[in-house]
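A single chain, nothing else alongside it, follows as structure tokens in the form predicted alone.
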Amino acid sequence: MRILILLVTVFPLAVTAGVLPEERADALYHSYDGGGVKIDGPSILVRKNFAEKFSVSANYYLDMVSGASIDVETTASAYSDERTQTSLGLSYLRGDATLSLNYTNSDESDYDADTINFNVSHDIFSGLTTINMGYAKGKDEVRRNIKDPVDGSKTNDPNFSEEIERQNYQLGLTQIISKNLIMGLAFETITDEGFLNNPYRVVRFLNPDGVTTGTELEKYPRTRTSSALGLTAKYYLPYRAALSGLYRYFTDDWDIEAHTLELGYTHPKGPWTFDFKYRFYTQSGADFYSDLFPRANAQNFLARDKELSDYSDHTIGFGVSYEFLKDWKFISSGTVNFNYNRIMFDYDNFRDARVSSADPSITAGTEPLYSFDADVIQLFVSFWF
């Protein structure tokens, strides 16, 4: 199954209309290390404009996954996998409006995803206000890997194949309030239909003896509708620095409710630019989640995914950028960039079942609550043409 890197929760804001995106090329190395899982790999992005009306972009992104998360450690062995993602985009500028079409394909051994996104941005009131509307449709195929009984190699289970259909609707407004302040408001709603749980993950339940536990596969509803509302602001200080803020509210029909608050500060000094960030996220759990069910088949839907539990996390981030090229041949500028984020996760009702598995004197449901820290690194070089 796909593993998502939680670098930063980015809410889609209105895209500036009336001007094509900048021509650029980026080469990135990214790394996530936390909770027993290591994910890293490269990414390449190229964007080119032509005829003063069109912009095309291409992106290649690779995740190399290895390790064993807490879910795997209690029920299976360590694993490794690769996810390759490719994207193509086209933007068309007409007056004060920009139309964009993007296609993304993601492929790994047991999961394929295809997404088409269409976006329209339009400037009004002499460019002081930008309205953005977007729609995306995705289709995913979920498979399940099994080990070959002869040589131990990984292969797809011929008896398991499921699909997911996703739709995403976006509406955004960006407003220049003053020469120093810009604000954005964005609304997003997503509908998912199909096989929405992990085909490997299990839940645990108490056996009739009230002491030992058993396991069974998770079972989720086959539909999910979620909505999010986000507000951003950026204030430019007199000495060229900037303060930024974000608040995002999320809710869905699985009874999850989440809040995100982020504060940032950007400070340029000569060819250097420094960024500092603090982010707080908290959510309530899904109504069919439990760390320990009272019995087998306790209810229609069952989940023990820690991402559906009650939890919160804190992120402290730092970034630095250095401009090392300026008007050199066909390159207008170039930068080398480094970003580091430390994410600290705390779970309120997800317990470390590895403890009771290793020590029979500790009963299920009394283990310590789970927490872990993750390190996220991005190192990339950018060139503008």
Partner chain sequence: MFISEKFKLYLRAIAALLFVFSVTACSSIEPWVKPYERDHLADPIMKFERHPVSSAYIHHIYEVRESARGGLGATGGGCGCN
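Positions refer to the first chain, counted from 1. The structure displayed is predicted, hence computed values, not measured ones.
The protein also exists as the form predicted in complex with the partner chain; that form is not presented, and the subsequent description refers to it.
Across the proposed site, N105, A113 and L292 without exception lack any heavy atom within 4.5 Å of the partner chain in the model of the complex.
Interface residue remark: N339 is counted as part of the site for the partner chain in the model of the complex, having a heavy atom within 4.5 Å. Although the partner is absent here, G89 lies well away from the partner chain in the model of the complex, with no heavy atom inside 4.5 Å. Among heavy atoms of K139, none comes within 4.5 Å of the partner chain in the model of the complex. Shown alone here, S332 lies farther than 4.5 Å from the partner chain in the model of the complex, counting heavy atoms only.
The stretch among 154 to 162, 131 to 139, 206 to 214, 296 to 304 whose residues place heavy atoms within 4.5 Å of the partner chain in the model of the complex is 131 to 139. Only one of the listed residues (T189, T74, N198, T84) places a non-hydrogen atom within 4.5 angstroms of the partner chain in the model of the complex, and that residue is T189. When you look in the model of the complex, the only residue of V202, L99, L185, I146 with a non-hydrogen atom within 4.5 Å of the partner chain is L185. Contact residues in stretch 169 to 194 (any heavy atom within 4.5 Å of the partner chain, taken in the model of the complex) are Q170, L171, G172, L173, T174, Q175, I176, I177, S178, K179, N180, L181, I182, M183, G184, L185, A186, F187, E188, T189, I190, D192.
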